[in-house]
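Encoded as structure tokens, the following chain is the form predicted on its own, with no partner shown.
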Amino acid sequence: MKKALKIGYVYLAVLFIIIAIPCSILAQEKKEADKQEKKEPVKLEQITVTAPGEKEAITITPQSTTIDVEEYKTPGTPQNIVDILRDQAIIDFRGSSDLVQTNDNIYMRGFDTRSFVTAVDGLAVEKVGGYKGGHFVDYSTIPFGQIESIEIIPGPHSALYSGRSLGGVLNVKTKTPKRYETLKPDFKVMTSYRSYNTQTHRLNLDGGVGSFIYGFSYEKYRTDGYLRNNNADIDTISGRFGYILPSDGYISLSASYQEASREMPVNNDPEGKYKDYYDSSYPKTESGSNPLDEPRRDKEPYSFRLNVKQPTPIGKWTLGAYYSHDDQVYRYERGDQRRYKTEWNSYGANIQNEIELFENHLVTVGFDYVQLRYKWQKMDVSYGGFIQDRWSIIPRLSLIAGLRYEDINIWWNNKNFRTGEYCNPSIQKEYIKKGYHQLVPKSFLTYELDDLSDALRDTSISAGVSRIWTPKSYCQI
């Protein structure tokens, strides 16, 4: 009996130890955890992440906004750059329909295309078609497959562009040539279909052999449009051939051709002048011509462009040159099928050098030239020279200061085409040449507020002081 009691006591003691020790350990751990919770948080030193992040579709700085075309997402398939630009607050889209892009259908900061500059690779694009008083830029003629990014520069504060940039600058940057490790080209095919029988079919082929590169693109766009008599059928072909220089520079020659037919919306008002021809299957449209006219605009523009980039010990040199031709035929199918044809030819060239003179100074100096002809008659010839300095005064304060000289010659029409009489009888010439020239200073100061407060992160204040000068060119009258 005593032996059984001893065994029982031993068993209880062992059981107590088995239960008590873990409980004591758990209690001690909980006590330590409670102490840890009551301690002040540990403040870590600043951590710098060096891994590459995702590419941003839009880069915004006080001086400009840059849109990466391939990364930027839009509803549907963009037909041309207008489908991307119209999302930006600085751009006002004024087209009659977003399905059929027409000339001059966007405004920039309240200015139409006569008062802001459209450029490709820094070289301004002059008037390319339309009547003498309008239709300056048709953005569908810039091959979408060759575009890398779009730079939006607000205001007239860049000395690199003409005085016509009152509202700002849209600079379309084409893709930079790159080496291909294999002979296998990059091949992309895209097709889309949406309402109003709107179709986009696009093919892009890019490749290279050693230092030589090539590219080809084709795009087919057609739509029945939203409004009455609003059909469009556009074919665009472009190609590029280039050579990559040993110094990481390049030479690139590109060409594009387009065949386009766009109908022009007509009046469709049940109570208006042409109410007898009203069609209820289309939206009401109070403006426009007689529905029986069935007007449309046919065109076959083409262009050639040369781009050269050459880094050197004394700066990075770039050269651009282009020639473009645009002839449009305005057709009215009623009666005698009246036709009005316009034909424009333009040339342009730009050479500039970016030099880092000091650690905080990037100086750009250059010269540009543009000539515009209507049916081979000179209309506008412009020369410009410029120098601009980007100066980082302190880490938060920067200044862009420049000086531009412009010499513009305009051939004014001196003959009334209705009466055949000369506007200035003392000068018996159809066109009178007049010259204009001016020295134009430009500046833009920016102070970044990021370091002052967390609430001011990505915030800055800017002030631009620039002289505004430009004569009304022939095409603006």
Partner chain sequence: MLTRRIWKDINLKVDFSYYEINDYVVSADSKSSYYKKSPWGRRKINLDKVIKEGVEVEINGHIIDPLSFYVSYAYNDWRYKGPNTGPAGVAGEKLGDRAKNRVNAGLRYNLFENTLLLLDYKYQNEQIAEVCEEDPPGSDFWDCYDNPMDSYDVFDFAIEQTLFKKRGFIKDAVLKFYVNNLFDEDYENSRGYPMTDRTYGGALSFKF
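Treat the numbers as computed from the prediction; the structure is a model and nothing was measured. Positions refer to the first chain, counted from 1.
Although it is not shown, the form predicted in complex with its partner chain is what the next lines describe.
> To test your reading of this chain, name the stretch in 316-324, 152-160, 345-353, 393-401 whose heavy atoms come within 4.5 Å of its partner chain in the model of the complex.
After filtering at 4.5 Å, what remains is 152-160.
> Quick one: from 272, 95, 239, 249, grab the residue that has a heavy atom within 4.5 Å of its partner chain in the model of the complex.
Of the candidates 272, 95, 239, 249, 95 is the one lying within 4.5 Å of its partner chain in the model of the complex.
> Using heavy atoms only and a 4.5 Å cut-off, determine which of 215, 265, 366, 145 is in contact with its partner chain in the model of the complex.
Residue within 4.5 Å of the partner: 265.
> Candidate spot 139, 231 and 255, all three in 4.5 Å heavy atom range of its partner chain in the model of the complex?
Heavy-atom distance to its partner chain in the model of the complex: none of the three under 4.5 Å.
> Might residue 61 be said to contact its partner chain in the model of the complex, defining contact as any heavy atom within 4.5 Å?
Taking the distances in the model of the complex, the answer for residue 61 is yes, it comes within 4.5 Å of its partner chain.
> Heavy atom to heavy atom, is residue 91 within 4.5 Å of its partner chain in the model of the complex?
So residue 91 counts as contacting its partner chain.
> Under a 4.5 Å heavy atom criterion, is residue 443 part of the interface with its partner chain in the model of the complex?
Result no; residue 443 lies far from its partner chain in the model of the complex.
> Is it the case that residue 189, even though its partner is missing from this view, gets within 4.5 Å of its partner chain in the model of the complex, heavy atoms only?
Because a heavy atom of residue 189 falls inside 4.5 Å of its partner chain in the model of the complex, the answer is yes.
> If you look in the model of the complex, which residues in 281-310 sit within 4.5 Å of its partner chain (heavy atoms)?
Contacts from 281-310: 283, 284, 285, 286, 287, 288, 289, 290, 293.
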